[in-house]
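Just the one chain here, laid out as structure tokens, in the form predicted alone.
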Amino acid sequence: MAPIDTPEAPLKSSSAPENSSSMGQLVVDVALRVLLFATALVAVIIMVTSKQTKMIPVAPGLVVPLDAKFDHSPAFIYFVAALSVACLYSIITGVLSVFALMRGGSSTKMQFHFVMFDALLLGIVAAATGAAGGVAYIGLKGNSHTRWNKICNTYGSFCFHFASSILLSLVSSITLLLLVWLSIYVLSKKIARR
């Protein structure tokens, strides 16, 4: 048999697959930053709007209205502040990621800064989530040794609000962890090419 002459397809340059994978990583980066923004914003809104007033008997025949609000606990205030910072940070880095996507790729310097600040913010958000979770647990179960009474049996709606907010904050923490991993992966690929 005679060989069939077919025109050979031009060889693709090695930068094309790297560029397309880099663009895919940037799209994932932007999507994760949008998810971080959405979860942090909704968690802040839920926590800030969580207020419940109940009529509590303090003496026989004497009933007073008592409020349960997020600003009654320093841990919840820290939680709102940390998630507000995460919200602002996600807007800034999301815009930077979109510009990098439009430009055709991100720089190594930008990825390095993303790793540092994502890791820093992960620590802040995780600490705030842990602090708020600790206070929430005391509110749910109480502590008989210190005579801290549980409040979730009285302020059920308030407890549901801050539990939802803490759950969303956990999603924000996981999103930040994924962003750190993604940035480290992108940096390692860039360093390996050099």
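The first residue of the shown sequence is 1; numbering continues from there. This one's a predicted model, so the numbers in the text were calculated from it and none came from an experiment.
One more form of this protein, predicted in complex with a further copy of the same chain, exists but is not displayed; see below.
- Residue I138 is the only one of L32, I138, L41, I166 with a heavy atom lying within 4.5 Å of a further copy of the same chain in the model of the complex.
- Among residues of the shown chain, W148 is one whose heavy atoms approach a further copy of the same chain to within 4.5 Å in the model of the complex.
- Interface membership of V80, defined by any non-hydrogen atom within 4.5 Å of a further copy of the same chain in the model of the complex, is ruled out.
- Contact check for T108: a heavy atom falls within 4.5 Å of a further copy of the same chain in the model of the complex.
- Proximity of V115 to a further copy of the same chain in the model of the complex: non-hydrogen atoms within 4.5 Å are present.
- The candidate spot formed by H72, A119 and L177 lies fully in contact with a further copy of the same chain in the model of the complex, as each residue has a heavy atom within 4.5 Å of it.
- Contact annotation for 122-142: residues with any non-hydrogen atom within 4.5 angstroms of a further copy of the same chain in the model of the complex are L122, G123, A126, A127, G130, A131, G134, V135, Y137, I138, G139, listed in sequence order.
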